[in-house]
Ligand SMILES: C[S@@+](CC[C@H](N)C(=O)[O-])C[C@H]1O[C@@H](n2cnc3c(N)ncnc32)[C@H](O)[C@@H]1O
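There is one chain below, alone, in structure tokens, taken in the form predicted on its own.
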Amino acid sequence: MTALPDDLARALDDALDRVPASRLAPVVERLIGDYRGGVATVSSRQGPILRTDDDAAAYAAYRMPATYAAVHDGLSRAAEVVGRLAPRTLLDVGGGTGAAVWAASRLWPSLRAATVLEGSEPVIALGRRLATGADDAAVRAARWERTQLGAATTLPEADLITVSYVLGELPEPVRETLVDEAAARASTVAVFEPGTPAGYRRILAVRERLIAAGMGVAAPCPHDGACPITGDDWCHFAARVDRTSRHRSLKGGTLSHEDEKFAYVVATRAPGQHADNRVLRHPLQRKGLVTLRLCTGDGAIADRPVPRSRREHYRAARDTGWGDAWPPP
């Protein structure tokens, strides 16, 4: 279960307390419909989809916890296998209210400076307001720059560039330019998309371009070869998000949690190693046996049975989850 850090939860509550739930709920419903229906793509609209303060607040209320959880999960997987990842500078492209900055700051005390590129003024204003409540100095000092992403966009250099839930809003030529720019400007690039077949296809295209630029995949893949997943299947993962009462109310949910499904790739030039294997599904547990579906280091898909007779491995397998490296780092 991934909960927002206390300082971010407090800052978000303080910002959202200023807006009545009766105003936020219909905006959340509209935004969910817009994003699911493709209205959020640049080619289908004029200007930012988040135009008002209520738009920004509604988006932060229903998306920031999930984005934080996905980014934190993916970056932590990369940090597990590449111990030398210690970015001092971060560029968050299309970063909204800064969820990736908060996530990276929790993982790497080395972070000293962060810049968020965002196209919506109300979102920038909210991101800045939230950052003032951060315990971490790098988050408090983060800079937001208004930027409309396009084919002519150039990026400044940074140790780590994150691109979270952005590519689906851009035409394909702009996506390619943006990914190439990121690969040229950073030693590590992390890209996150929804855990849908379309999101997975976008991540596959990103992965190919990052490898072609000379980077190695730190996570999730345990290799730099072709993805072995074929047919109707697709590679994605899930982060369980702790829901607050406000979150449940705005999204019409009853459970205390939700699963944010996402596809991602973290590629780097930092020296390190791949995970030996990556768990691709929830492990199947039966009496005396755990079966792990793995993407293996040699670029294959394999079901790995771990019987109770292999005591140490069996105990580790019972504690292993979807998305984990196997064996554990």
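Quick note: we count residues from 1 along the sequence shown, nothing fancier. All values reported here derive from a predicted model rather than from experimental measurement.
Keep in mind the form predicted together with the named molecule is missing from the figure; the text below concerns it.
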Legend entry - Whether 87, 90 and 159 all lie within 4.5 angstroms of the named molecule in the predicted bound form by heavy atom: no
Inset, instruction - Find out whether any non-hydrogen atom of residue 59 is located within 4.5 angstroms of the named molecule in the predicted bound form, and reply yes or no. - result: yes
Inset, instruction - Verify the contact flag for residue 118: yes if a non-hydrogen atom of it lies within 4.5 Å of a non-hydrogen atom of the named molecule in the predicted bound form, no if not. - result: yes
Inset, instruction - Tell me, yes or no, whether residue 74 is in contact with the named molecule in the predicted bound form, where a contact means a heavy atom of each within 4.5 Å. - result: no
Legend entry - 4.5 Å heavy atom contact, residue 211 to the named molecule in the predicted bound form: no
Inset, instruction - Choose from 78-86, 238-246, 126-134, 143-151 the stretch whose residues reach within 4.5 Å of the named molecule in the predicted bound form, heavy atoms counted. - result: 143-151
Legend entry - The single option of 206, 170, 219, 138 touching the named molecule in the predicted bound form, heavy atom within 4.5 Å: 170
Inset, instruction - Tell me, out of 69, 290, 50, 265, which residue has a non-hydrogen atom within 4.5 angstroms of the named molecule in the predicted bound form. - result: 50
Inset, instruction - Pull the contact list for 91-106: residues with a heavy atom within 4.5 Å of the named molecule in the predicted bound form, in sequence order. - result: 94, 95, 96, 99
